[in-house]
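Just the one chain here, laid out as structure tokens, in the form predicted alone.
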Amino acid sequence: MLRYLFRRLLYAIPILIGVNLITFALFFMVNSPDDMARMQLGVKRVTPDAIQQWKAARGYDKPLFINEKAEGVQKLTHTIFYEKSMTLFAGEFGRSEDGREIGQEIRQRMGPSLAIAVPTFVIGLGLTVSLALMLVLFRGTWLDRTGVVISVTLMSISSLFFIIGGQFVFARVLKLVPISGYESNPWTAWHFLILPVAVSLVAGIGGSTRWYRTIFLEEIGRDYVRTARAKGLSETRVLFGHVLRNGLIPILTGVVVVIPSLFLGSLLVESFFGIPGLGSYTIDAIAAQDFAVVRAMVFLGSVLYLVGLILTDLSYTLVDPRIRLK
């Protein structure tokens, strides 16, 4: 087990370097340091001296990848890529272009993101798995067909419709909840979180239910299910005691994709509901062409995804004793 974890951690290093390199290249293919300076200083009446001063103050006056004027290892270390991207491996997120500490911003904004993502993830997973099992239990009936039609309909509607519709109906018309905003007090924050969580659940319930239904339908036709029925087990016990357990591996594989969003938040939901989380922080950074924040968030998302993959592999051994990690 320890050998496996050590090997996976070693694999993660070149992956993270590659993600950093691709993010860096894509960003600077669209924006040059001069463009970033003009964005921060203002497009009109920006002098060349002001641009050079801005670049020098923030370390963007060096070459991107290779410094031909330096010697030895400094050809690689005295570059924008090394100083801005490789320091992330030491946990140094640096400062945003407006001078704020990115690490501190992440710690402050992680709470609101988790307040939305965790309830959405836990309630959504339990709800969709239960609905999928119910559709499989009544497979071939009008209930199953109606559930599939509703799931496909929900999948076909953009999440923006649920966000705007939820704000209009429940916040503006019925005035049951605030239309946007957030409070750090946990005793009153729930009032601002009900609608974003509900919208996130409704937007994702269709696709997840249909996917889990497909998994359980595939499992229910296997030999071990026929054997369990031949032993006299009820259909409910077969579903929850055998089919659900054997369907956990593909479910766990899908769950790992959600892990980064638990910390990074939902971009659309946080932006539309005015939640000061990491999702809205990333959107604002992209709009402001703040490369320091963008690279930090992409790196953090990559780390969380790799951690999720490792945890998923470990969880396989719990749900399927036949799997052994070497």
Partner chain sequence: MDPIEFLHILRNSLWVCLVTDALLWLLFMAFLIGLGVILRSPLQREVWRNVFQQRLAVVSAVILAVAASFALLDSIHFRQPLPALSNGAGAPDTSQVRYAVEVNSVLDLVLTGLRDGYEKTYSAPLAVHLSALEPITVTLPDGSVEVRREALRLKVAGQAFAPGAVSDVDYWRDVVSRVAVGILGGLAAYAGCVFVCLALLALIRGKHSAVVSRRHPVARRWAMLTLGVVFVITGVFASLSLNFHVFGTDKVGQDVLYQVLKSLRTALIIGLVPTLVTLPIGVILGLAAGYFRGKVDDVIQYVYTTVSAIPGVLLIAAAVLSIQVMLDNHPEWFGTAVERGDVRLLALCIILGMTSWTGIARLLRGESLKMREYEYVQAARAFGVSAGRILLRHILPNVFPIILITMVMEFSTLVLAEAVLSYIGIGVDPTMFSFGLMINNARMELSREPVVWWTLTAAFMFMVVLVLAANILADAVRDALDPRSERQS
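For clarity, every value in this text was computed on a predicted model and none was experimentally measured. Positions refer to the first chain, counted from 1.
As for the form predicted together with its partner chain, it is not shown, yet the points below apply to it.
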(message) Using a 4.5 Å heavy atom cut-off, which residue among F168, Y224, F89, W142 comes into contact with its partner chain in the predicted bound form?
(response) F168
(request) Consider the chain as shown here, without its partner, and state which of Q104, S158, T188, T146 has a heavy atom within 4.5 Å of its partner chain in the predicted bound form. (result) S158
(request) Using the partner position in the predicted bound form, report whether M297 sits within 4.5 Å of its partner chain, counting heavy atoms only. (result) yes
(request) Verify the contact flag for I286: yes if a non-hydrogen atom of it lies within 4.5 Å of a non-hydrogen atom of its partner chain in the predicted bound form, no if not. (result) yes
(request) Decide whether I310 counts as a contact residue for its partner chain in the predicted bound form under a heavy atom distance cut-off of 4.5 Å. (result) no
(message) Under a 4.5 Å heavy atom criterion, is I15 part of the interface with its partner chain in the predicted bound form?
(response) yes
(message) If contact means a heavy atom within 4.5 Å, which one of 210-218, 109-117, 242-250, 190-198 is the stretch that engages its partner chain in the predicted bound form?
(response) 210-218
(request) Run the contact test on Y11, F27 and V152 with a 4.5 Å heavy atom cut-off to its partner chain in the predicted bound form and return yes or no. (result) yes
